[in-house]
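First comes one chain, alone, set out as structure tokens in the form predicted alone.
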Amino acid sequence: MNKNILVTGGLGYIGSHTCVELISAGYTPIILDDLSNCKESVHARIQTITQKNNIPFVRGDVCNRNLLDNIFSEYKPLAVMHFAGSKAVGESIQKPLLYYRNNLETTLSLLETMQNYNVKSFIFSSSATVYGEDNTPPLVEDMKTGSVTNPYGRTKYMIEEILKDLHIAEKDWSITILRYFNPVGADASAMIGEDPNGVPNNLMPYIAKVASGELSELKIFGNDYNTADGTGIRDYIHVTDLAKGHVAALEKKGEESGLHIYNLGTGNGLSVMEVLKSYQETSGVTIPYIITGRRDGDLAASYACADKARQELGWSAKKNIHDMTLDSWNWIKSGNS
């Protein structure tokens, strides 16, 4: 029986962990990745973790229509999980055209090809950034979206709007939008994890690089927010929990027509200082830090209400901050990054 799922960006951080969970659930991911922000060695590691050989990997660009035609003709995927895209907030402010081109064109190419091959089950990697500045946490799926503070977030919002219009026009599509909060951690095997190029944009990999000695100190952007310790609060979710959320969405909604939107978060906020303290306890390493000014567009607090995913998908985050920091540290120590 065909259980092929096309996974774009499948060797990236979240994509690779989702491939592991798909294989564990009996699916075959067809991995498409251009390797612009990941390593080809991740493919072999996915196979080692799952003890499954012959997991298809195609190197290429999602915008390449001929390549997409070949993939859909050969593998006949049941559904598509779309992770491919540019994802650094800071870079998006510096290079907005790159972000609009990459993120919008890849999605349109994919949707049009799916239409041509009558594959109408689509799971999209969105972001809590779509909630913008106008909402007070906990953030709920039916809140207003769109007051986004950077081009990266704006592309996620724009793609959500495209998907809503597609749903209105073609009722037989099953479209699931998953709004991530802050994915952290690594697979328990320590064989795959977050491996960003250059200086990390996100807190956990930044702490990890300081803990390992690769960077000299952590920069904390602002300690004068209206929070308990003055540092920003975010909803950190273990990447394995996040990956399991995609499998739950596929199994519960993949064949059910309609537009489905879910937050994937823990529902609990943690401050920068709380994450730092946990990482120091887990690693046994003292992590030097300095306080600098707030970054433009940063919010004091952002965390999810994840009740809808629990009620409709039977999914909830299981791992705590200790699990997140421990797996992150084990990943760094492994030397696989």
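Bear in mind that the values here come from a model prediction, so they are computed numbers and not experimental data. For every residue, the number given is its place in the sequence shown, counted from 1.
The same protein also exists as the form predicted in complex with a small molecule; that form is not shown, yet it is the one meant from here on.
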- Query: Hey, in the model of the complex, does S212 get a heavy atom within 4.5 angstroms of the small molecule?
  - Reply: no
- Task: Check whether G232 has any heavy atom within 4.5 Å of a heavy atom of the small molecule in the model of the complex, and answer yes or no.
- Result: yes
- Message: With a cut-off of 4.5 Å between heavy atoms, is Y236 one of the residues that contacts the small molecule in the model of the complex?
- Response: yes
- Query: Does Y152 make contact with the small molecule in the model of the complex, using a 4.5 Å heavy atom cut-off?
  - Reply: yes
- Heavy atom within 4.5 Å of the small molecule in the model of the complex, from candidates Y75, F221, W173, Y100, belongs to F221
- Tell me, out of N135, S109, N202, S257, which residue has a non-hydrogen atom within 4.5 angstroms of the small molecule in the model of the complex. N202
- Which of 110 to 118, 203 to 211, 139 to 147, 164 to 172 sits within 4.5 Å of the small molecule in the model of the complex, heavy atom basis: 203 to 211
